[in-house]
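Presented below, as C-alpha cells, is a lone chain in the form predicted on its own.
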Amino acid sequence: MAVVTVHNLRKAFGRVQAVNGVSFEVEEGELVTLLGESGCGKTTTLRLIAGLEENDEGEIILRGEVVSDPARSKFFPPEKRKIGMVFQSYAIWPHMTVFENVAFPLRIRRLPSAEIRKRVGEVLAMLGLKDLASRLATRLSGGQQQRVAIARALACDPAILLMDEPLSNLDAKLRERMRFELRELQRRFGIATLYVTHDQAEAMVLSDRIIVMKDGHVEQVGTPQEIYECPQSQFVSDFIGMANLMTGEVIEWEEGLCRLLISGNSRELIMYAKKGSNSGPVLVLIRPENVEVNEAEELPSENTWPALVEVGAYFGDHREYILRDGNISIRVKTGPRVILKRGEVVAVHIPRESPVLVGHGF
C-alpha cells in the first residue's frame, strides 16, 4: 500500500519552476531517496509533502487521503498531515533535556502525561538514548543530536518520516557510520521514509529506491543497483558514480550484440545490447571498475586497445588511473597492487558485458 502518492506536482517561485510535474509513490516500510544537485527541486518536493509550502498544481495523498489539491481548493496544514520531520539542522532546543526535546511536540498536542512518558521512554530506548534522557542537548555529540531529532519525529507516531539531509552537518567519518545506523533504525521501525540528499553514496547505502531529480523533474526511478548499472540518461550516467562516457557509431546489430566504432580513437567495440536504431550515434557508459588493464598478451584481442598512462592515484584500498588512447580519456579503477607507471603503454580490455548503451542520437 502506498503511504504517500504524489501526482503531477508543480511549484514555481516567480519565474523559476522549482518542481515540474513530479510523480511517485512511497510504499509501507520503504525508504525512498530524492537525489540530485542543489536546486534540482528535491527539498521543495519534501516541503510540499510536509505542508510547509503549497503546491501550484497536482495532488498529494497520504494514506489514501488527499491532503493537497489546488484544483479542489484543498490544503491540510503540517499538523494535520501526520508526518515526522527531521531537518538538516536537527532543530534541537539547547535549553531542554533529551527527554524534554522528544516530549515537546506531544505536549503541544496535549497528550496525557502518562502517555507522554510511555511514548518518549519507548522511543528513547529503541534509539539507545535512554541513559541520556536527563542530559542537556548542548552536551550531546552530533550523532546523538541527530538521533534525538529522529526520536522526536517518531514519538508522534507519524505515517511517514521526512528527512532533509540529516547527515550533512556531521564530519565525514561519523556521517559514513550514521548511514548504516539510520538504515538499521528505519528497518527496525518499519516506517515509510522519504529522504533528501545530494550525496550519491548516502543514497546508495540507505535506499530501497532512488528518485534522481534534475531541473525540477524526475530523471529516473529505480533501485540503487538499477540506477548505477542501467542509467537511462547521460545525466544519470555521469551523476551517479564515476563514468567513462563514449560516443560511437553503430556498425552492426546481430543476435543481442552491438558492434560500433568509438569516436575519438576509431576503435571497434563489441558489446551486449538489445537492438536499437539501425545506425547513427550512440552513447555508451563504461564504469572504471569494469575496465581491465594488463600486458597485451594476457588479454583477449577483442575490445583490447593500447593506452598511455597519464595520471595515477593511490587510495589505500584501490588505485585509479587516467589512460589515453587518441582523443579518448579512460578512467580505470584497479586493486591496490596494480601499479602502472606514468608514461608507459598498457593494454586496456573492455569485456562485452561491461558497456551499457545509454541512448541514441548523441
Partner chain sequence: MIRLRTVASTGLLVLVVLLVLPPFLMLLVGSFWGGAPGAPGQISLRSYIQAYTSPHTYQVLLNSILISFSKTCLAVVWGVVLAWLVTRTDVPFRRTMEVLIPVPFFIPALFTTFAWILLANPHNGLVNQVLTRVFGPEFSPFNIYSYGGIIFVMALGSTSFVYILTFGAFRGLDPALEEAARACGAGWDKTFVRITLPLVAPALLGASILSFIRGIEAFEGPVLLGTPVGIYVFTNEIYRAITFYDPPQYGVATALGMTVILITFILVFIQWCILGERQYFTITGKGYNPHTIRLRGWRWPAFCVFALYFLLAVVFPVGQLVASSFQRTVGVYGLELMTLDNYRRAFSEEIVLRALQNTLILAIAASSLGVLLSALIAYVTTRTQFWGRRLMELISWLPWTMPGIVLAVGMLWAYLSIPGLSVFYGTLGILLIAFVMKGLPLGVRALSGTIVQVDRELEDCARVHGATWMQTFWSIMLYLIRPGMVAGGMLFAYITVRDLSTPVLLYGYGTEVLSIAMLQFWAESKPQIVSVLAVVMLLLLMILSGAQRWLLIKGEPLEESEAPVDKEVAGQLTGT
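Between two forms, the rigid core is defined as the largest C-alpha subset superposing within 1.5 Å. Positions refer to the first chain, counted from 1. Note that the coordinates shown come from a computational prediction; the quantities given were computed from them, not determined experimentally.
FYI, the form predicted in complex with its partner chain isn't displayed, but the following is about it.
The closest non-hydrogen atom of Gln225 lies beyond 4.5 Å of its partner chain in the predicted complex. Contact annotation: Ile108 falls within 4.5 Å of its partner chain in the predicted complex, judged by heavy atom distances. Proximity of Arg147 to its partner chain in the predicted complex: non-hydrogen atoms within 4.5 Å are absent; the residue sits far from the partner. At a distance threshold of 4.5 angstroms between non-hydrogen atoms, Lys118 is out of contact with its partner chain in the predicted complex.
Residue heavy atoms within 4.5 Å of its partner chain in the predicted complex occur in exactly one stretch of 91-99, 236-244, 192-200, 255-263, and that stretch is 91-99. The three residues Ala50, Lys74 and Met85 all sit with a heavy atom within 4.5 Å of its partner chain in the predicted complex. Residue-level contacts in the predicted complex: of Lys173, Arg188, Arg139, Lys274, one residue has a heavy atom within 4.5 Å of its partner chain, and it is Arg139. Taking a 4.5 Å heavy atom cutoff to its partner chain in the predicted complex, the contact residue among Glu229, Glu289, Glu79, Glu249 is Glu79. Taking its partner chain as positioned in the predicted complex, the residues of 144-179 that bring a heavy atom within 4.5 Å of it are, in sequence order, Arg152, Ala153. Once both forms are overlaid on the rigid core, the distance between the two CA positions of Val221 between the shown form and the other one is under 2 angstroms. In the core-superposed comparison between the shown form and the other one, the C-alpha atom of Arg188 has shifted by less than 2 angstroms. Relative to the superposed rigid core, the position of the CA of Ser233 differs between the shown form and the other one by less than 2 Å.
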